[in-house]
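Okay, so here's just one chain, in structure tokens, the form predicted on its own.
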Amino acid sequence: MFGPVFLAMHIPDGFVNVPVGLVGWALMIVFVGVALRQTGRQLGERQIPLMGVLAAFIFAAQMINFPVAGGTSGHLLGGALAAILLGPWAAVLVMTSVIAVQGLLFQDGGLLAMGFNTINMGILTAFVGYAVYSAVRKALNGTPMAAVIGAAAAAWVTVEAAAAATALELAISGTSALDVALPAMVGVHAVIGLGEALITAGAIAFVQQTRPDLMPQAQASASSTRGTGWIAAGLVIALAVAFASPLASSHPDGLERVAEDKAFIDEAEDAPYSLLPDYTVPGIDNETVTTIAAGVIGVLIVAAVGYGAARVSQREHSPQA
């Protein structure tokens, strides 16, 4: 009934060569370092727990692949959603927290490839998504509906941008020619991006209706002491999504589909170690239970890492730092 969890666009080791992987790591370190400094200047007391909650939700949502045309699946990336709610620099920290835990704990995405996985799915999506959202919302006079439309447009564009960047890295690494990988990646992710757009727009509409004070235009004037129940509610929602993760589509994700169709899937290398591989917990044989257990563990760890990153960023910017 249930299938294993596949995550889209996470590049495994073997798809990028060592020089390209090292460049990715260098760029990631620079961007995350700047993000820690920039975010510390912008964070209020409300944004700090929101970073943890949002990281947990994005992690859980990424466990649920939805089927798209042609026997392929996709899932939320989340960079645009995080950037809309927190701004691009804070979104970089949120997405880095998610992708790092996925790679280090669940062996989802290669270690050498982690730099460009973070850039493609976290940094690029945060800045491109924020730019598109801001432009669309401004063009439509900043109404609540403009925010929803802008979120949908931003989400779709970010998926395409991440797909194009991945194709470029594969081409530079000599894994697949650009004229082969680029149209294949952009084509399949154009459909996956529709799912990203629907989920992101729905999430923004939900926040506007239920907690408008969490929207960025309202956060500056909202009291930091107005209740903390939303933090627990957010974590409960993330855990509930994790419990639904065994329902994820077992079809190959976008990158995996392209790798199979273009005959470079065998270039993928296994991780050098195994902790919670493929979102399972060793010792739990039931496929449904082990996936849920792995999801719950991941949600709690990612929430802690996202919250911790926010606190570190705030301390870096404090007068005593």
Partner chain sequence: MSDSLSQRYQPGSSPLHRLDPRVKLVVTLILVLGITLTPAQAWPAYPLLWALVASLAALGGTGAGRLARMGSVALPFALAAATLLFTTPGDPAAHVLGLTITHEGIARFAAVVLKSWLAVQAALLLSLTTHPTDLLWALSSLRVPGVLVQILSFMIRYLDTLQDEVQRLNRARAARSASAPGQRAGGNVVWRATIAGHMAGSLFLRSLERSERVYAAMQARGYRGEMRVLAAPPLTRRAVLWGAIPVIALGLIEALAMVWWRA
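Numbering follows the first chain given and starts at 1. For the two forms, the rigid core is made up of the largest set of C-alpha atoms that agree within 1.5 Å on superposition. Because the structure is a prediction, the values reported are computed rather than measured.
One more form of this protein exists, namely the form predicted together with its partner chain; it is left out here, but the text below deals with it.
The single contact residue among 157, 124, 199, 147, judged by any heavy atom lying within 4.5 Å of its partner chain in the predicted bound form, is 199.
Its partner chain is not shown here, and in the predicted bound form it never comes within 4.5 Å of any heavy atom of residue 130. In the predicted bound form, residue 12 approaches its partner chain with a heavy atom inside 4.5 Å. When its partner chain is considered in the predicted bound form, residue 165 lies well away from it, no heavy atom lying within 4.5 Å. In the predicted bound form, its partner chain lies within 4.5 Å of some heavy atom of residue 32. Looking at 104-130, the residues that come within 4.5 Å of its partner chain in the predicted bound form, counting any heavy atom, are 104, 105, 106, 107, 111, 112.
Positional change of residue 28 between the shown form and the other one stays under 2 Å at the C-alpha, relative to the superposed core.
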